[in-house]
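The form predicted on its own is given below as one chain in structure tokens.
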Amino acid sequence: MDYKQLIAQNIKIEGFEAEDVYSFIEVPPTKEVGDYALPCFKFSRALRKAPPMIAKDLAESFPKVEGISSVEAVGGYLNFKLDRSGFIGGVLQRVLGEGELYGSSKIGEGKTVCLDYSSVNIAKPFHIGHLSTTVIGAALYRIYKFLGYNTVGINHLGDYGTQFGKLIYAFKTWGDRAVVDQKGLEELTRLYVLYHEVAEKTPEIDDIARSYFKKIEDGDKECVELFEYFKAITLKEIDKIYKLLDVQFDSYAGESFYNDKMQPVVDELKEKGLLVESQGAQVVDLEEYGMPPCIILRSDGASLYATRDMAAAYYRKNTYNFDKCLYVVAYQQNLHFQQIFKVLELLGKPWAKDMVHVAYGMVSLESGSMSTRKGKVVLLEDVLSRCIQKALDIIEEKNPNLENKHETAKQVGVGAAVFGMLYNNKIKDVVFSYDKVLNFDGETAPYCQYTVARCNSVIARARDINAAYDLSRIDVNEQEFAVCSLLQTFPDVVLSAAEKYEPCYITRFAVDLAKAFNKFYFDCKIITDDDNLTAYRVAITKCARQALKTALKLIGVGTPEKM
């Protein structure tokens, strides 16, 4: 039962629909106050009454409704307490009935969401700075799919630009194909760093690098072959990381894919009189909107990120006919996306309003910012390997006979890294520290995973207990109610995560539910001499396990059977 809807339908306020009332209802910070509360401040101006008086009048007129045990006016709030047995019975019945689908929705049926995330650079290492966009984007991909949307995951590869001319110069000058074949991205990164060290003393090699990139654009056989060689090496190595993270994409169309798709965009900008010349470059003047000009073509006629992103937007709309297109990119690119969206709006594209920059905070090292050019990065593969090894060390120490311990260590280690990145609001900057990532204590993935394993153990021990139970013969306690109250919120949590583009809502839910279940586990004996009570508490355990597994799956964290 949707109790918020039940409350909203039974409150009559002149000038407000039930939908309005529904949106105002909130969950109080403590259960002592009530299970739901309606702040009456929002009605004060329309009714020309003080909020406490409105709350008092509503409390007196609220009808006797099955499922609501009490209604009380406190200050400017109308507080509701639920009939706990009825509430718990309804929650357990729904979770057990819906199983893996609990928390899902059909709200997205017939709608498409494109998600641009991860978007790694070819011939550069996959480092810890790429983890945020990768796991945020992948989580949103799963969340939208869970809500019924057709989801399109796009890895907009950084495979275009002068850096490839630089790498070709470095490879031809100092490289050895046999070494690159053997060491892969590690050797390409070494060559890239070496190039920039040399370029600082002999900047004239930048002109040669630019000429090599021009040759790629012009289809030069040798340069294109090297470009494809670098790309194949990169994709092969990053695919290992994606498999570890359980991240998939539907498209790897990178920047180079749009090389032949930019001209129609430029032509349309010209036709609509939006392109003007500025210091030899072709730009869209956005001064009227408080932004610097959006550069479309440089003075030498070369395209830029903006040109390629606009071509990509056209292609995605024409190919997928998206209802929403998300760009999971660091907040450093705020201005870039504001410019792109504004130019598309000026072009008269009604779908410009459906494009969203999902900004997240930057990842830096304790020693300062990362830089591939200077070789100052922490490789993501190293981070994940160390997390997995730590998990394995703990297993060897505490449970050396555990079955599938290597697979369990992988789920726990990778889960710790992913969960840690998704625990806080995405916009927060992160200073990477191995100590933090390798800390498995407290509000972490291992804590939630261990709770699932604990549920599995309880359910296995109770397998001979009859599943049926009679709630009328049970005195519901606070611990049981706390678990079920959280379970009931899960569908709303998933919706909020999608609406706010915040996977952390689900991460926090998992921690809260794990805490509530563990309190229930320690305070309430689950397997008792009373079969009816045991069946009831095992049902709570099954529902907690289901919601926890689903929540962790949505954010990309596996759940080992045993730990």
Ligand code: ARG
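The structure presented is a predicted model; accordingly, all values stated were derived computationally and were not measured. Numbers for residues come from their place in the sequence shown, where the first is 1.
There is also a form predicted in complex with this ligand; it is not shown, and the following applies to it.
Chemist: I need to confirm a contact call. Of 282, 104, 488, 119, which residue comes within 4.5 Å of this ligand in the model of the complex, counting heavy atoms only?
Modeler: The option sitting close enough to the partner is 119.
Chemist: Report the residue, out of 320, 447, 257, 305, that has at least one non-hydrogen atom within 4.5 angstroms of this ligand in the model of the complex.
Modeler: Going through each option in turn, the one that passes is 305.
Chemist: Looking in the model of the complex, is this ligand within 4.5 angstroms of a heavy atom from every one of 309, 333 and 337?
Modeler: Every residue of the spot touches this ligand in the model of the complex.
Chemist: Applying a 4.5 Å heavy atom distance criterion, does residue 343 contact this ligand in the model of the complex?
Modeler: Taking the distances in the model of the complex, the answer for residue 343 is no, it never comes within 4.5 Å of this ligand.
Chemist: May I ask you to state whether residue 141 is within 4.5 Å of this ligand in the model of the complex, using heavy atom distances?
Modeler: Contact check for residue 141: no, nothing within 4.5 Å of this ligand in the model of the complex.
Chemist: How about residue 80: is it within 4.5 Å of this ligand in the model of the complex, going by heavy atoms?
Modeler: No, residue 80 stays farther than 4.5 Å from this ligand in the model of the complex.
Chemist: With a cut-off of 4.5 Å between heavy atoms, is residue 454 one of the residues that contacts this ligand in the model of the complex?
Modeler: The answer is no: residue 454 has no heavy atom within 4.5 Å of this ligand.
Chemist: Choose one stretch from 322 to 330, 204 to 212, 346 to 354, 238 to 246: the one whose residues place a heavy atom within 4.5 angstroms of this ligand in the model of the complex.
Modeler: Within 4.5 Å of the partner lies stretch 322 to 330.
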